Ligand code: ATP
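Single chain ahead, written as structure tokens, the form predicted alone.
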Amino acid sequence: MPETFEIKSALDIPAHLVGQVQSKLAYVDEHIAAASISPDGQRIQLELTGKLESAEQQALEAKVQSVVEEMAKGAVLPKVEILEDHLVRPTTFDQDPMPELLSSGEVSEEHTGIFSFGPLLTRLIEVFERQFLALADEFGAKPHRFPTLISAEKLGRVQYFRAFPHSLTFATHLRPDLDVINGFSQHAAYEAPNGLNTAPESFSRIQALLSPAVCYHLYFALADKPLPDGKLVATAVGNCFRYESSNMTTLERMWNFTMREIIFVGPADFVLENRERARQYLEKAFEHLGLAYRVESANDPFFVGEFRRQAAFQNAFQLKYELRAQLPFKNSTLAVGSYNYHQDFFGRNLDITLPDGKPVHTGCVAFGLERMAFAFLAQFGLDPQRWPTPVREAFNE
């Protein structure tokens, strides 16, 4: 039976960090089924998968407090820059769309964080996808197709394992050994809640992972050579995988999701100017579609040990802006896309150079297609007849 466990935070968690700390608590211990933090940042309530002994509770509390201290100690309120604010744009729906999506069969949850979609969601996603393809055409972006798997060696080169270890999804296979393969075929079975009953030593060493982002593949393809023309704009759509533990409860947080990106590679001014052009283009597109949202400065979900330093760096140099769509049913917002500038990080680490020998700068505009559709349904409901006219007409094409 689930148990609750309340902890008095050793430090008051600043309001601007409550959501960030709460999301990280999902990775503290396998016994945590859910976590919440009081608005004043003083109390942490954990829902546990079962009852813990006193010593186990003490160990769990120590880990929780270490996360709080690492993220909140000496934290400074970041300056949030708002580039657009259209949250007051009128919407017609205020209920959580998830229950109806599940009951109607429009969404089917195969496993935690893994969802299939029916015709309505699929066609609505295509409506937004056409907007992003039109944006790509504005830049003459060259189309690319990338694999679902991504190289562990190359992810290591760009320090992904240090920054985002908590969200990784590993790909492996049975060792090419006759005894191992025969043993697996005869005895493997799924045993809830522990998964496949296969010995870890049956699996090969990890050489690949499931890709966490689309743009990395382009940077890896350009690695260790000069950029031929000194400038490049590309676009691609692909499956992305970011494990989010107990945070994966609705379409807001998915293990497997689809992202469309427009990617810029070249000198710094080229990347920054095109990132801004893309934002201005999409501002008009989203006004036409009636979406209520705001664009504001943000940071990536770095892991605990890297969080303060990396988040402060991103904020100081305005490297990331999120498009956060209104979710009326919870009086909150959801990040559905982002405008990103990586400076010369990938150019330096992957040895991608400009004609003058300097490392390239990179940036991308990225949108989660499922999140876009979910946020739209949260604002306008599942009945296409109640949707804004441009979306309804595009949906029926």
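Residues carry their position along the shown sequence, with the first being 1. For clarity, every value in this text was computed on a predicted model and none was experimentally measured.
Absent from the display: the form predicted together with the ligand. The rest refers to it.
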Inset, instruction - Would you point out which of 253-261, 149-157, 202-210, 103-111 contains residues with a non-hydrogen atom within 4.5 Å of the ligand in the model of the complex? - result: 253-261
Inset, instruction - Run the contact test on Glu244, Val336 and Ala366 with a 4.5 Å heavy atom cut-off to the ligand in the model of the complex and return yes or no. - result: yes
Legend entry - Among the candidates Arg294, His144, Lys320, Arg123, the residue which, in the model of the complex, approaches the ligand to within 4.5 Å (heavy atoms): Lys320
Legend entry - 4.5 angstroms heavy atom contact with the ligand in the model of the complex for Arg371: yes
